[in-house]
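What follows is a single chain, given as structure tokens, in the form predicted on its own.
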């Protein structure tokens, strides 16, 4: 059972069972309730966090004190890696969007794993490259697009990070609150509400409480991606 838990983590998915067993001994498990602060910007950083269950938002505060959401992470994602490599303080805040369970690895243990098991290093680099591309797209989108397009692009990002694909549809089971989406898109909650209603009228999305369904994901991406 221990092995199965770690096999769900992309960083460790290609490792043999005996290696997973050794890693499991190294990790600590912590549970954070919704809205708990997991990390604070400028805190000292000597641990890697791996999200086993739940979702978190990565945020910073703008000069005028407004929260800006840089990313939202879900099951199997990791955070805190930058401080592991450069030894500097944390570069952003991390807050639980829902009740979440994380695995924690100390810096020395994780660097030792990277040295002994190159597959972990390769998986880490692949994910960091994906995040860098997403960041570039987000910067371009925020600077060149209007508010409605920025909201649509934020929904696409949420679909990539949190969604489940099924027969051409993407289901986001626990959509972040509208204010969080607004903070991702650099706009207001009222604009997000208006845009979501417009997308529903067009038949591009369906909403059931906190669940959002993109009815035809390829069409949605062609229109807004």
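Since we're looking at a predicted model, the values are computed, not measured. Positions refer to the first chain, counted from 1.
Below: the form predicted in complex with adenosine-3',5'-cyclic-monophosphate, not depicted.
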query	finding
Stretch in contact, per heavy atom within 4.5 angstroms of adenosine-3',5'-cyclic-monophosphate in the predicted bound form, of 72-80, 110-118, 97-105, 145-153	72-80
Residue among 27, 39, 196, 159 with a heavy atom within 4.5 Å of adenosine-3',5'-cyclic-monophosphate in the predicted bound form	39
Partner contact for residue 58 in the predicted bound form: adenosine-3',5'-cyclic-monophosphate, 4.5 angstroms, heavy atom	yes
4.5 Å heavy atom contact, residue 126 and adenosine-3',5'-cyclic-monophosphate in the predicted bound form	no
4.5 angstroms heavy atom contact with adenosine-3',5'-cyclic-monophosphate in the predicted bound form for residue 137	no
